[in-house]
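Shown here is one chain on its own, the form predicted on its own, set out as structure tokens.
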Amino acid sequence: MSEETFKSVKDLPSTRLLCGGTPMCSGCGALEALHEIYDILGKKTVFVNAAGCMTLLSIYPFTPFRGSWLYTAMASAPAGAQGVRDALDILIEKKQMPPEDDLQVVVLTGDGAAYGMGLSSTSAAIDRELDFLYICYDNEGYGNTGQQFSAATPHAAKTATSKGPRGYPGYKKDLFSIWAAHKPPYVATVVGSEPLDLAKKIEKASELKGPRLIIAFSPCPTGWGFDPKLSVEIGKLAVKSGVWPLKEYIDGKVIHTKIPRKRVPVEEYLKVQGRFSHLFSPKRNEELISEIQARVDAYWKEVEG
């Protein structure tokens, strides 16, 4: 490392760490999940990475991925994946590459692309039955550009573009159900804080063909406003409170892989995040807290019958 680089590293904010030679946020839930996912997928992969937080992992000509990596614009990752998959198939068909050297095509995007900008091209790729694994790290906002709200932002959360006393007025889009409506081979939700559940789902998805989705809940210290050391605990609280259901869609059915029978109150999850601090101070907003709790309760009431 050069003296100039060392000086620049020392000047980085304390909430940053180096990954692959690149500054990443300490405590990043997306990076936590990606580490676990990549440990299973291995180097026989091509990551088609849409613009976002994880794009910062790679600075030309270096990348932390042991396999291949391709950058695309935010909405273009499924189209890029189509080109890569077609190229691999042609090489194998023409016997210019042995089948055992084939690579798994993996799209990697944030929620900005998965829930919003790239949803149209993703839907088209599913309709074409493209053989790819789509991984969305969901940090519930446009984290790479200052945490503006996205279609994945939860109700009442404060963001850079929803700073009013009631936070974001909209509701989180249900990407799981949107994908499931296309009837793909597999859809699943995961979180790095539950590594065994995550590993089982990645292994299952890897054994299937066609369009498959993994939505990884990704606590974001800088965007959500919490101490990086709490990232794992916040992921666990999201599951324990029922805010983030762990489930999968396979063979036309939705199966919940972990049901929190004794859920902790949602406010236990909310109160440790700065983006929800306005719900508790200077005055407790019972209306909004109760609304959030009621929506979670309604979901699990339907699940549990």
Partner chain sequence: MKRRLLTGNGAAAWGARLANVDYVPAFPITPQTEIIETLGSWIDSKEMAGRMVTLESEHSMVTAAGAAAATGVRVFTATSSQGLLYAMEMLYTVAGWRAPFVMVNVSRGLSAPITLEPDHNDILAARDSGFLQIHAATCQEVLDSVLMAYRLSEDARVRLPVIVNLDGFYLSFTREPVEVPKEDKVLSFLPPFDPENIRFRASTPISQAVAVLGGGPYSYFRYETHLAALNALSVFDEISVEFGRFFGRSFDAVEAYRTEDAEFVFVMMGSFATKAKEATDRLREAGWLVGLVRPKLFRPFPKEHFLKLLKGKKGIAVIDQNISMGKGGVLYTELASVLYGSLDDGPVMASFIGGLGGRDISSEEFFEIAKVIRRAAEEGKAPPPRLLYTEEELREMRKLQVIANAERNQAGKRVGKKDE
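None of these values were measured; they are calculated from a predicted model. Residue numbers count along the first chain shown, from 1.
Just so it is clear, the following notes concern the form predicted in complex with the partner chain, a form of the same protein that is not shown.
Proximity to the partner chain in the model of the complex, defined as a heavy atom within 4.5 Å, singles out one entry of 101, 203, 174, 129, which is 101. The contact with the partner chain in the model of the complex, taken as any heavy atom within 4.5 Å, belongs to 58 out of 58, 241, 257, 277. Of the stretches 75-83, 176-184, 205-213, 148-156, only 75-83 has residues with a heavy atom within 4.5 Å of the partner chain in the model of the complex. Heavy atoms of residue 160 never reach within 4.5 Å of the partner chain in the model of the complex, leaving it off the interface. Within 4.5 Å of any heavy atom of the partner chain in the model of the complex lies no heavy atom of residue 95. Residue contact with the partner chain in the model of the complex: residue 67 places a heavy atom within 4.5 Å of it. Residue 41 falls outside the set of residues with a heavy atom inside 4.5 Å of the partner chain in the model of the complex.
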